[in-house]
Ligand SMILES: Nc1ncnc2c1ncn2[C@@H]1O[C@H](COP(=O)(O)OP(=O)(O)OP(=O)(O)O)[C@@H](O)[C@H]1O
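Form predicted on its own, single chain, as C-alpha cells, below.
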C-alpha cells in the first residue's frame, strides 16, 4: 500500500534555511535546507548519529541552532503557535516512572489546556475517544511499564494525538513492534494524513515503511537526497547515506532494497 499525502500542499509550515545545529558544541545538522508543506507525509532515513532525531527536535526548539533559521508557520521556531504532537523513541523512555495509560495520554493536553492537570469534560471525552480509536480502552488504568511494546507505542501516539495536532512528529514509531502492530500504526498515520495532519517521521525500515511513503529524505548530517522513493532509492544515494553497499530492485512499479552489507 502506497501512502498518499494530501493534494493541497501550497502552504509552507516549516522551513529550514541553511540550518546548522546540535548539542553541546557538537554539530549534528550541517547546512539543512528543507521545506515541509501542509499535508505532507515525510519519512527520514539515515544511520544512527546521522541527525534524524536532532532534526525532529529542532522543530520542537530543543536543540541549539548555530547558524541559519527555522521558520515555523511563518514565525521564528521559538515563537511558533503551531500545535505539534511528538512521539519519542521508546528506547528513550524511563519505564520505571509511575504513570498510567490514562495519565500519559492526558499529558498531551498540556499545550492546549489552561487547567491541566484538572481536565475539563471535553478534554476527558477527547481522551476517551482517542483511547478507543487506538484500542487502549481496556488498558487505561495500567502502568505503562506493564504494557507490550505495541501497546506502549499506541499510548504515546495517543498522547500526541489527543490535542488534535496540526503536525505530528514521530521518532521511529514502528521500531520494536510486530508486523501487525506496525501495519496498524501506519494505517492510523495514513488516515490522519488524509484528514490534513502533516507528518514527519524517522525510520530505519526501508522496505516496510519508507518505500511506501510519498516523500523520503536521506540524511547523513546533511541532506543526501529528497524525493519519492522511486526517485531517490539508488545505490549511489544509499552508499552516500549509509557508507555501505546497497542493491535495489523494482517490483510492481516500486523500488525496494534487496541487500545491505
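Worth saying up front: this structure is predicted, and the values here are computed from it rather than measured. Positions refer to the first chain, counted from 1.
From this point on, the text means the form predicted together with the ligand, which you will not see here.
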| property | result |
| --- | --- |
| Exercise: residue 64 in contact with the ligand in the predicted bound form, heavy atom 4.5 Å | no |
| Contact label in the predicted bound form: residue 172 to the ligand, heavy atom within 4.5 Å | yes |
| Residue contact check: residue 49 to the ligand in the predicted bound form, 4.5 Å heavy atom | yes |
| Partner proximity in the predicted bound form: residue 103 to the ligand, non-hydrogen atom cutoff 4.5 Å | no |
| Selected contact from 212, 228, 28, 234, since only one has a non-hydrogen atom within 4.5 angstroms of the ligand in the predicted bound form | 28 |
| Among 34 to 42, 49 to 57, 191 to 199, 65 to 73, the region lying within 4.5 Å of the ligand in the predicted bound form by heavy atom distance | 49 to 57 |
| Triple contact flag 86, 164 and 182 to the ligand in the predicted bound form, non-hydrogen atom at 4.5 angstroms | no |
